[in-house]
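Starting off, we have a lone chain in the form predicted on its own, written out as structure tokens.
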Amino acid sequence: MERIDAAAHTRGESQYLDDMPLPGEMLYASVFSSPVMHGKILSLHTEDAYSLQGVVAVLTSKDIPGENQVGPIIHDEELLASSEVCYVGQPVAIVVGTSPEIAMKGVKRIVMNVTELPAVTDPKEAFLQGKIIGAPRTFTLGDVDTVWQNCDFIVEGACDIGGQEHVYLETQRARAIPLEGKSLRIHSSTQSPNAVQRYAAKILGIPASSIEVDVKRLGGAFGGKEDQATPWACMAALAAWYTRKPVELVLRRADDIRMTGKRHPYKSDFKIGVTKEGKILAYEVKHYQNSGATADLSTAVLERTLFHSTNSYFIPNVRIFGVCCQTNLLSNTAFRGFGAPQGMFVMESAITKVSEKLGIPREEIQEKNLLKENDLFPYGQRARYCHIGDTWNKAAERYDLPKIRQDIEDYNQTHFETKKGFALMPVCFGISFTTTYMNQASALVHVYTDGSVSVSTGGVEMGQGLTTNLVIAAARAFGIEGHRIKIETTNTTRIANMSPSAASSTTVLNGNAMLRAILQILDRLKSLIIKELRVPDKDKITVVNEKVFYDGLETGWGWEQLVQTAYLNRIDLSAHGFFASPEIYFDKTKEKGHPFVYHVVGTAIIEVTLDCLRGTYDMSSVKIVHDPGRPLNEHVCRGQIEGGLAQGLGWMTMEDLRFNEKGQLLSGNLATYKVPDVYFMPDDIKIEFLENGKILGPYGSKAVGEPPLMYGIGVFFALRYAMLAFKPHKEFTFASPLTPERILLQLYSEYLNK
């Protein structure tokens, strides 16, 4: 089956929130936000905004009837700042007008007087000042302190890892519509309809059942709409509640970039001990996460950093420390990979520094320390069906690694101003929400009397191909054609208490819940066939290509006849399915457990060509061997791998978030913040699959959303290889992104002060 959304998307027929028909008397909201990093609010003057014709309301924290709180994990985030502002862009007031333009003009007429307070932007400085969120955490394995004396070499270093803007095509937006009684319907561009429902109810002081949230699809998210979509939906809800009219709130691109959180920047220190052959005996790392002003999802992001700090390697003695540091920048949030890329980058940096110190090729050290079956992760889980070695070997053989290495060495010996580099990037990524209770999902399936099928789940389609996967799995389970299956909008009145569409778990959770509902209906239909055809064994009944078989032989019954007969016999053709991932748990007091259902693994080989005089570079090729299990749809799988790769390459090379001393974002538009385009991407991208079964996903499929992003980390080390080929004896930093400017500053650092 082709990806079923593709035709409608490319013709512009797919409907998003803004494509919905406008309700009568629609109003529009715009947000006044803090112009300063940190300060006490002395006064807020809204009179001039009210004097503007068309302004209907100006709402502040005083107008919130319920609780002024939207913090998802730690309750430290006000919807509208009441007495203190903590970052540039923090929402303070909502202006509601008869048009978007009038609402924005009203925002410009608001005046806020503030006494500015000291601010901090560096996570290590925040840590030293005691500005931390939650509690520091440490994962340990073995005895690091004792083993240092057994190491032939000990290497230390530091990493400075940049953040990343989501750049989803559809910016943050929501539409709230008052219903009869004290209830609202909210259409939101969110990955988490349940969060919008829960916090809108809290803000308004009403039961969650009085809030209906409906999501058709998102124009991209990448984690940026997991919880950061919630405040904007709550603001629209507050305005609709106050005015009793429909209200829409849409952030312009510049406001979206200025007012929403990013991937967390990190500063990390590492220490690694190895034998003279390159076997890693001990590893210690300290991660200082720049969380921003409030917690958002920072503690959960940090946790996944800790889980993935050893990446694809077995290290017998490990100590991994992490802390969320509170600064006066935007509250950073979920982003594809959810903290794992930062941890993996530091691990790869440590191996690279060992390689440079010992003179052993980086890939030899990597291969020597790859995880093997039953190896122990630092968090207590053992590697099971973890085929990282197989992907490494297949990549090396399929793409002829010795030839790649020799060709690059030959090129570098015969070229002065340009140098080539390469790097291997193995990835091992755990699949599940690390908060155990979130690993649950429900589905509602109806079969209609004409044989068509309606499927509702808690999964949100945001471009990742969920709809296609669900249709394929449902059609296969029922034994019918895919055109009969309709995937409904994601709605809190049909599916309650849903987990976010995140953590690469949407298909495994919602797909399995759907299959359980389908199996209930099929079981009832098979019981009917036993009665009607007078055959003894239910297990021998199958439906294939819309025909009913018994013991492999056609019965003469078709799908539509089967459904009609069931209806006439008063058999229930609807079912609710529920799925909870089995055998997962984690004890946070011991920092040990079995948090992941399985791991996704793969290996990428990345080649680059660097112009050492200009600092510019070309991505020559990326060649990947990826373990997708048994993919439901190869188009979806390959699309996710290529898209994730692009995002990872961009994060490592060109996506450079810069703030000035006042906390204002300097790279606040798509002219100053660069993202990968078709000319940036390698001309040569090859993807091979390493298939294996025994996976909990529907029909043996594995998650594919997040892991491919981390292949892009390898480009940093490929560029570093080329830099060292040009200047072999220089010391280069582990600071990302590795932009052309940063490359030149490092290559020619000796000239900076002359």
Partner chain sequence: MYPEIHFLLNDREIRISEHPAVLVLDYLRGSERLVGVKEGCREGDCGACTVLVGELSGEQVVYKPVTSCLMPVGELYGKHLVTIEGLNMPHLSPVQQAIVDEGATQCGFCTPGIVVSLTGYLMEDHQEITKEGVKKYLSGHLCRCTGYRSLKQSVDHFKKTLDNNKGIGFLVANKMIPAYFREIPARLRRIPEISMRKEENTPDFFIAGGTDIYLQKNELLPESRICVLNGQPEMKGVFKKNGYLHIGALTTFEEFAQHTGIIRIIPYIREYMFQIASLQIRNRATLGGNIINASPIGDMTILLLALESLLVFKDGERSRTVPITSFYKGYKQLDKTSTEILTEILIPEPVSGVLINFEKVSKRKCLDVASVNSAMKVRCEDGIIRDIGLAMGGVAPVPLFLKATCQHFLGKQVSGELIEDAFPIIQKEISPIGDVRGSACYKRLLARQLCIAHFTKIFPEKVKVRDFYGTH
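Just so it is clear, the model here is predicted, and its values are computed rather than measured. Residue numbers count along the first chain shown, from 1.
This next part talks about the form predicted in complex with its partner chain, which is not shown.
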Its partner chain in the predicted bound form: contacted by all of L613, A646 and F726, heavy atom 4.5 Å:
yes
Can you check whether Q640 is within 4.5 Å of its partner chain in the predicted bound form, heavy atom basis?
yes
Check E607 for me: does it contact its partner chain in the predicted bound form (non-hydrogen atoms, 4.5 angstroms)?
no
Hey, in the predicted bound form, is T565 touching its partner chain, heavy atoms inside 4.5 Å?
no
Residue-level contact is defined here as any heavy atom of the residue lying within 4.5 Å of its partner chain in the predicted bound form; does I487 satisfy this criterion?
no
Option from 581 to 589, 212 to 220, 552 to 560, 428 to 436 whose residues, in the predicted bound form, bring a heavy atom within 4.5 Å of its partner chain
212 to 220
The single option of K108, R405, H576, R384 touching its partner chain in the predicted bound form, heavy atom within 4.5 Å
K108
The one residue among M681, I132, L358, I529 placing a heavy atom within 4.5 Å of its partner chain in the predicted bound form is M681
Along 143 to 167, which positions have a non-hydrogen atom within 4.5 Å of its partner chain in the predicted bound form?
Q164, E165, H166, V167
